[in-house]
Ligand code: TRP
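Taking the form predicted on its own, here's one chain by itself in structure tokens.
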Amino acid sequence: MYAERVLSGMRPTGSLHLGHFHGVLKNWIKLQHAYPCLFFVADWHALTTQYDNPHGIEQSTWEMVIDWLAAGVDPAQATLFIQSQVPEHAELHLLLSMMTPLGWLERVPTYKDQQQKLDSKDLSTYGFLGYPLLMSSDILIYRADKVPVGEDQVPHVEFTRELARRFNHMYGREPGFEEKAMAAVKKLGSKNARSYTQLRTRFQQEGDATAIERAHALLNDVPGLALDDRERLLGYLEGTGKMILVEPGALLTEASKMPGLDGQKMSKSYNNTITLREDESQVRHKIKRMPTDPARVCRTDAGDPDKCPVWQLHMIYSDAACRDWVQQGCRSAGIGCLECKQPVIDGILREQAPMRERAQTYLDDTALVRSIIADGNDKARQLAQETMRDVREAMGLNYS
């Protein structure tokens, strides 16, 4: 069995905003304490839509990494790296492209959606068509079994699972697989070998799913069992071959509920953002200029918080007592809009304060950021090279 491992990445878009923090980074920070995590800058993915103007990608990468570190992503707990600095991603992408049916790529839901959204750009390129395959390569190269995604990204994870299954089926039958699997059974010892054989028969002849679970538990408890033998026994158990690429599972994450300054979802495309390290005076200025309930023309007019974008921010940054104060004060015209906005300003600045403090360390010493990424690149590449050795061997390309 391969170790539990989480993989997630972001395209380099420069400075991140509070929507990124609440939608992605808070989850990363939680996951880094629970699992081995790899978080990467998806700079090659940026080229799928930015191929005609790639010059800002490098600067955007460093800005984004500083935001990760400022938010609390810890390089001592997680591996941070840049996709293009681990060329094995591209090698696996190339090899998988040889066996991926074209129809699989064309049916990925986001393919046509993105083409429609970005209709001003020529996206009739292989890079754009093949980006789900590159995404799958990013996951499979690390044998990551957990991928945190939103509901709309689940089809990408399922696509990756199908690819891994197809690869293992096509190339997992190493020469002499049956003989090697039977030899591995004998290494279990007579009692365990007998139990394993019975469980295999129950699964393959009766379809008993509990037999699979019990067999996995049995193999986990056998001391000193070599990884190759374990993988052969797992493949033999399920009637496949040796498992080379791991089928990942989707870790469903909630969609970001962070509203923008106009009440829509916070997004750079809507020009309604507050960045993670926005200057304090700018935060105050932006919040004070936020639109409110249009019914409150004068200070004495009663309003309805449910029709005011500021209320959505109170739902994130204010406690129950403050929210009650807003509801009563707004509906009775007991408070003005500027009074109502002040607790939101205070809440955002309170959230940003530790981010600014952490970021300053890296802004003062940019070599430290590059050192963290260089170390992460090395760690990621070691894992990727292990996978590629097995992939090349399975495909008859090791030439050793």
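The structure displayed is predicted, hence computed values, not measured ones. Numbers for residues come from their place in the sequence shown, where the first is 1.
Omitted from view is the form predicted in complex with the ligand, to which the following refers.
*Asks:* Given that the partner is absent here, does residue 11 sit within 4.5 Å of the ligand in the predicted bound form, heavy atoms only?
*Replies:* Answer yes; at least one heavy atom of residue 11 falls within 4.5 Å of the ligand in the predicted bound form.
*Asks:* With a 4.5 Å heavy atom cut-off, would you call residue 81 a contact of the ligand in the predicted bound form?
*Replies:* No, residue 81 sits far enough from the ligand in the predicted bound form that none of its heavy atoms falls within 4.5 Å.
*Asks:* Hey, in the predicted bound form, is residue 64 touching the ligand, heavy atoms inside 4.5 Å?
*Replies:* No - in the predicted bound form, heavy atoms of residue 64 and the ligand never come within 4.5 Å of each other.
*Asks:* Please run the contact check for residue 135 against the ligand in the predicted bound form: heavy atoms, 4.5 angstroms, yes or no?
*Replies:* Yes, residue 135 sits close enough to the ligand in the predicted bound form that at least one of its heavy atoms falls within 4.5 Å.
*Asks:* Partner absent here, but in the predicted bound form, which of 195-203, 145-153, 179-187, 266-274 has residues with a heavy atom within 4.5 Å of the ligand?
*Replies:* Only one stretch passes the 4.5 Å heavy-atom test: 145-153.
*Asks:* Only one of 233, 245, 139, 313 gets a heavy atom within 4.5 Å of the ligand in the predicted bound form. Which one?
*Replies:* Looking at 233, 245, 139, 313 one by one, just 139 meets the 4.5 Å heavy-atom criterion.
*Asks:* Identify which of 31, 348, 372, 42 has a heavy atom within 4.5 Å of the ligand in the predicted bound form; exactly one of them does.
*Replies:* Contact check passes for 42.
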